[in-house]
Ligand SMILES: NC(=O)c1ccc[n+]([C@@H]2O[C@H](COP(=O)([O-])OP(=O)(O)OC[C@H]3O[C@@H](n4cnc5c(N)ncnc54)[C@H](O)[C@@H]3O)[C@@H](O)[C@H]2O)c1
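Encoded as structure tokens, the following chain is the form predicted on its own, with no partner shown.
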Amino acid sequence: MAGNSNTSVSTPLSVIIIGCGRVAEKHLKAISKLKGLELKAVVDVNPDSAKRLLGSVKGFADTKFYNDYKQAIDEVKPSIVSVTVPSGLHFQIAKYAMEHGCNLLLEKPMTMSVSEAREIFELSKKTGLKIAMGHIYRYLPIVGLVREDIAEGKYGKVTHGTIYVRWGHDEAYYSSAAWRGTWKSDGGALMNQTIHAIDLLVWLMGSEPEEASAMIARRLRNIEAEDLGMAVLRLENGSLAQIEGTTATIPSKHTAEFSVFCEKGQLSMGLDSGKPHISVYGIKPDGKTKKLNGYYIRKQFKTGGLFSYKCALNPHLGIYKDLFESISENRNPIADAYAGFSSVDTLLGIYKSAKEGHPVKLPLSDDFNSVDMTGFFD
């Protein structure tokens, strides 16, 4: 099999990228900075897209190009297949790649239906192949360290968490490709722009969602799906998570904010027009509040060094490094196959709640697909 879980750390792993759109350039830049990876080919139905991608980063201009992903997988037999195509195509490519022995770096969402996400997750367990999800926020500096302390009870009981993702896109963005904003291939602001933020919030809070209540709207953008969604999740530990995701905001002012509130501390972090920020506070035994940023920064340098901070500029650098190490060490990636399945189940539970007009239990007992939302705004 191409994806050998016992691969030595010193052995370069072969990679092919399927899909040469916007996000693929971040993949290419990450691969260029990691000695343990070797790009063997790229795949796209549009030769111009492939040429543009390979010319965007020095050293890849002569990389082999395919217009058929099955042929590329069959001939190259890569260790890793990176899937960066529209979301509606994720399932068929991911399944074919894993059935042919390839580990995956799979952009979010894993699939557009609960049953397909479960099938990919089960296939990962059955084969032992690794799946690293493109849940970029898990790879930002300090985040994992704070999560460990929350999980260990350092901050006491988790009460609630909040996220907002205000990732404005204009009509030109949606009209640039026919699949954007469609229920079948993309979903709306929650599925496309907010799913990895939901993943991060649930991961930080340390408990699985058991109920979702939601409303969605189409306020400004001429698309099939929603440009605004709001939801509340109840987690198994009793905590609540509040979610806002929208593309109906100013395109030049992309912001995302995450907060987790605990009995003895709180975390707030986010991105504002590309600039990251984070604040961690804890309550000392004497009742006074202390800012803990310095503590976590020092700890991050001891554990991850400067590399961890480079991931703030391109989180895919961290995803690829973690995937390489998870294959070499035969462990799960930080954002693994279960994370991919769970986030799809939660997001589709949110959509189902909006469609039916009442809270729904999670995980979903029956299959639900994004196309089940077709006609919602008609």
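This structure is a prediction, so every number in the text was calculated from the model and none was measured. Numbering starts at 1 and runs along the sequence shown.
Just so you know, the form predicted together with this ligand exists too; it's not on screen, but the next bit is about it.
When the contact criterion is heavy atoms within 4.5 Å, does Asp44 count as touching this ligand in the predicted bound form? Residue-level check for Asp44: yes, a contact with this ligand.
Gly270: heavy atom within 4.5 Å of this ligand in the predicted bound form? Residue-level check for Gly270: no, no contact with this ligand.
Contact with this ligand in the predicted bound form for Leu89, defined as at least one heavy atom pair within 4.5 Å: yes or no? Although this ligand is absent here, Leu89 would touch it in the predicted bound form, with heavy atoms inside 4.5 Å.
With the partner left out of view, is Pro109 within 4.5 angstroms of this ligand in the predicted bound form by any non-hydrogen atom? Because a heavy atom of Pro109 falls inside 4.5 Å of this ligand in the predicted bound form, the answer is yes.
Can you pick the one in Pro209, Pro141, Gly181, Gly134 that has a heavy atom within 4.5 Å of this ligand in the predicted bound form? The residue from Pro209, Pro141, Gly181, Gly134 that makes the contact is Gly134.
Check each of Arg221, Arg166, His196, Lys130 and return the one that places a heavy atom within 4.5 angstroms of this ligand in the predicted bound form. So the residue touching this ligand in the predicted bound form, by this definition, is His196.
Is this ligand in the predicted bound form close enough to Arg22, Asn192 and His316 that every residue in that trio has a heavy atom within 4.5 angstroms of it? Yes.
Counting any heavy atom within 4.5 Å as contact, can you tell me which stretch out of 321-329, 31-39, 44-52, 345-353 lines this ligand in the predicted bound form? Careful reading of the contacts points to 44-52.
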